[in-house]
Ligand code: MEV
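Below sits a lone chain in structure tokens, taken as the form predicted on its own.
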Amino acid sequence: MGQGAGFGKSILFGEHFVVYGLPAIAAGISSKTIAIVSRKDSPGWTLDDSRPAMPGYKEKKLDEQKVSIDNVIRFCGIDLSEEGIHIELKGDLVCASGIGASAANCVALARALNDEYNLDFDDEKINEAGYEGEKGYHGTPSGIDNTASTFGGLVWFVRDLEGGPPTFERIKLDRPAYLVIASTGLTASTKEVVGDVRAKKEENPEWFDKISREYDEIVQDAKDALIDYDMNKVGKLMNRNHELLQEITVSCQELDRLVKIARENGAIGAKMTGTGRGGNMIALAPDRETQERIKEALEENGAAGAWIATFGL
């Protein structure tokens, strides 16, 4: 029997702006998916997916998940034509859009196969397996989710607009930071939202360039503040980043309401995360006590779900 884990992730800075070659910062969060692989006499693979999930998420992703599992098994070179495997998925990472659930699934499975079949993969090879698995969900993934899932900590990511490989830089904090994640319960099409932003950029390039320049200053300052563990500054930068995302029209009333509730209950900073127009928001807390208070306030005031996690280690 082999076992492995993959971290969830949250985008701290960079939604939409990363599309245009600006840096993003993603956090591998403490919540994780665990995969357990055991051998069975019959060929092929079977799955028992007991991960906690938002309603309908696992059903909607099932076909993509099947392709993803096949991709990881193929990358690992496992022949299931005679002896098969049973895969069990569990853990405390809630399956929801925007928190890296698919990447955590891929990385956890790769590590479990590595453990069971003594493949001697290091983390770089596990990350490659996770990337292959992510293709089942995203076609051509950016690589940021599987990297955050594999290594944890913080990932500085820059997309190569010329089509080359992206730039990754891993950042470690000297102690954990406290995060609350909350869902609106709404799902938006990433393709549609990205397309809308692109149309606005093309309609008024000077307006978009001005916002992008300010975002670039924010993310550069955020990187330095995270390394210095200046969370008060990180929170202020998160708040301003949210305002820029409002300006490019990817936030929504539901997200803005949850952001406001989080700030009123002690969040140092709060912003939407991911695609927007639904999905999730994140809040940075100064300590565990405040983290719990923010979570409870969000749950009591309309969040479809709220979770606590740490990041940075």
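Residue positions are given as counts along the sequence shown, with the first one as 1. Just so we're clear, the structure is a prediction, and the values are computed from it rather than from any experiment.
From this point on, the text means the form predicted in complex with ligand MEV, which you will not see here.
Interface residue remark: L12 is not counted as part of the site for ligand MEV in the model of the complex, having no heavy atom within 4.5 Å. At the 4.5 Å threshold, heavy atoms of G153 stay clear of ligand MEV in the model of the complex, well away from it. Remark: L80 does not count among the residues lining ligand MEV in the model of the complex, judged by a heavy atom distance of 4.5 Å or less. Shown alone here, T190 lies within 4.5 Å of ligand MEV in the model of the complex, counting heavy atoms only.
Only one of the listed residues (S142, N114, N127, S212) places a non-hydrogen atom within 4.5 angstroms of ligand MEV in the model of the complex, and that residue is S142. When contacts are defined as a non-hydrogen atom within 4.5 Å, none of S31, V94 and I308 contacts ligand MEV in the model of the complex.
The stretch from 179-187, 143-151, 234-242, 199-207 that comes within 4.5 Å of ligand MEV in the model of the complex, counting heavy atoms only, is 143-151. Contacts between stretch 10-38 and ligand MEV, counted in the model of the complex as any heavy atom lying within 4.5 Å, involve I11, E15, H16, V18, V19, listed in sequence order.
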